[in-house]
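Starting off, we have a lone chain in the form predicted alone, written out as structure tokens.
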Amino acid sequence: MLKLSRLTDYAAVVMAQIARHPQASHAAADLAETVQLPHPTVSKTLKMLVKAGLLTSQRGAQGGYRLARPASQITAADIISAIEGPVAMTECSQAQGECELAATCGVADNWQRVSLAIRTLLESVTLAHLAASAPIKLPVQLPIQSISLSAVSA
């Protein structure tokens, strides 16, 4: 089963909460209470999101966490990458590198296409979409046939 970690799910929940009130600074304790997650988990998630450049933090009485850029410019892929690392189905679809099975594998190009299709879809879903109460309208069919691997290697 393809599944995101709980921490990634929590990161999306926290980011969506911040996106719903983008002008405010959000304290970790307040976010934890609002989204009903343990404070240590929210704090850990916030640190990872700051490190990835998705949030900014400010200390002090008026401090807290804010989006580093508008919600429409932060994607689901950005959030997943901040917590999980690069979006890729297999090691060889993450980056061109040495694989001991490269000579006999025969499926690497197709896994790269699948990874690119998933990454493209995740990049099309913004934090603004995730924070909205309306359902996201997804494409009926992914354009996997039109995905060129030349774009990946470039």
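Since the model is a prediction, treat every value here as computed from it, not as a measurement. All residue numbers are counted from 1 along the displayed sequence.
What follows is about the form predicted in complex with the DNA, which we do not show.
Checking Val35, Ala128, Val114, Val50 for any heavy atom within 4.5 Å of the DNA in the model of the complex turns up a single hit: Val50.
Not displayed here, the DNA is approached by Pro40 to within 4.5 Å at the level of heavy atoms in the model of the complex. Proximity of Ser57 to the DNA in the model of the complex falls within the 4.5 Å heavy atom cutoff. Interface membership of Ala27, defined by any non-hydrogen atom within 4.5 Å of the DNA in the model of the complex, is confirmed. A residue is said to contact a partner when one of its heavy atoms sits within 4.5 Å of a partner heavy atom; Ala103 fails this definition for the DNA in the model of the complex, lying far away.
In the model of the complex, Arg59, Gly60, Ala61, Gln62, Gly63, Gly64, Tyr65 are the residues of 59 to 76 with at least one heavy atom within 4.5 Å of the DNA, listed from first to last.
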